[in-house]
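One chain follows as C-alpha cells, the form predicted on its own.
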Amino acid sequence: MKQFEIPTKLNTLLFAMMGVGLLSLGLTYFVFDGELQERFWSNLLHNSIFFTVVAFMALFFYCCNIVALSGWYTQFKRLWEAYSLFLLPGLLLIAFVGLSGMLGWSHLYHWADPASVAEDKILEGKSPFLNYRWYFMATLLFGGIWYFISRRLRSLSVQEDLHGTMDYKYHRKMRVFAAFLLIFGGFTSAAAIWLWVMSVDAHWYSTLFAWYSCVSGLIAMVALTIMTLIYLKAKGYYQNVTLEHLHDLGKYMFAFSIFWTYMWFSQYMLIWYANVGEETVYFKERLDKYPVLFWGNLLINFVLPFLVLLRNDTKRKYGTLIFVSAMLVFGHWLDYFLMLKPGILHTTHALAGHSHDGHSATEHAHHAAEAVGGFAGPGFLELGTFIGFLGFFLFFSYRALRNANMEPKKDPYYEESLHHHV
C-alpha cells in the first residue's frame, strides 16, 4: 500500500476534534471571558505557538538526519515532511494574533502598550527589539523561509521518488537546503521564541530559553511520531517499520526528556541562586501562584518518562510507548501553558489601569481579575482548544501525507532503513 487514504472514521474524528476546538474558542470569546478577551487570545496564541514549534522541530530534526547521512528514519520520513508543512497555518495564526495586538483587539504583550513603555525604563531599553516590526519579521520573514525550505525538501524528496536513480543527485541538493536550515533556523528560531513566548514576561530573560522551548517541542514531535506510526501500522501501512525503529524513537524521547530537564534545572538553579530580582521574579511568580503546575510539569515531563523508559524493553512495547507519548504531548503543551499564561495575566493586570475607553482603573482591574479563569490552570475550554488544534494539526498532516508515496523507495538510504537493527 503506497498511497495513504484518510479512513472515514478518522476523518470524522478529526473534524469532531476541530469542532470541539472551534466551540471552545467561541465560548471563550463570547461567554467565559473578561472585557479584555485575554483568555481567548492567550489560548489562540498558546496553541498556535506550540504546534508551530512542533512543526518546526520536525523540519529541524529531519534536516539533522539528512546532514548526518542517517538512514534509519527513511521509511517514515514522509511523516516528518508532512508535520513540517503545518508551519504555514501555524505561522499565519501567530501573525494574526500579532495583528490583533497592533489593532488593539488583544493585550498579550506588555511591551506593545506605549503608555507602559513610556513609564518603564526596562521596557524602553528593550523597545528596539520588542516591537511589532521585529515580531512580524520573525513570524513572516524568518518563518516564511523555514516554510520555503520545508516545501523545497518535500519537492526534492518527491522528485527523487519519481525520477531518482539511486545516484544521490537529489539527496545532495537536499543536504544543501538542510545544512542551511540548521544554521539559519537555529539562530532565527531563537529570535522568534524570544518574541513569541519569552517577551510575555518582558522584564525577564534567559540565555537558555530558546533551547528549552525548542527541546520541549522536539519531544512532543517525537511522541506524536511514535503514536502516528503505531496507528498507521495498525491500518496496514508502514509494515516494514519495526520495533527497532520504534525503539530508536523511544530512545530519543527518553534522551531529550533528560536534556529538557537539564535545561529546566539550569534555568531554575542558575537564575535562582544568582538572586537577580528582575530574573528570579519569573520563578517566584510560578512557584508562589502555580505550584501544582510548576512541579507537575517536572513530574510529567521528566519523572514519568525517566522511570518508565529507563528499561530497554519498555521502549519496545506499544502500550507503554503510546501511554508515555500521549502524556508527553500533553505535558509539553502544559509546559507552554506555564511559559505563557502567568506573564499574560500579569500584563492584563498591569494594563488594567491604562484606560482608554472611559472606564475607571478600578473597573478595568475588576474585569482583569475576572479573566483569571483559564490562567490559574487549564480549564475545559483550554483543553477543548488543545483538542481542536491537535485535530487540525493531524488533519493537515494526514492530507499532506496522502499526496506522495508513503515509503520513498528510491531514496538511497531506503535499504539501510529496511534492515535497521539496534
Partner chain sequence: MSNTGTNIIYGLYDDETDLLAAVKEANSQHLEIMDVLSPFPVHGLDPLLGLSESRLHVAGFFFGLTGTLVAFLFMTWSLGFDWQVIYGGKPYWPVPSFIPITFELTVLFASVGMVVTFYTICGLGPGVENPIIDKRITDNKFCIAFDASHTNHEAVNNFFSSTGATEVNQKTI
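This one's a predicted model, so the numbers in the text were calculated from it and none came from an experiment. Numbering follows the first chain given and starts at 1.
Same protein, other form: the form predicted in complex with its partner chain, not shown, and the subject of what follows.
Here the chain stands by itself, but in the model of the complex one stretch of 310-318, 111-119, 78-86, 155-163, 310-318, has heavy atoms within 4.5 Å of its partner chain. Interface residue remark: Y268 is counted as part of the site for its partner chain in the model of the complex, having a heavy atom within 4.5 Å. Although the partner is absent here, W272 sits close enough that one of its heavy atoms falls within 4.5 Å of its partner chain in the model of the complex.
In the model of the complex, not one residue of 13-30 has a heavy atom within 4.5 Å of its partner chain.
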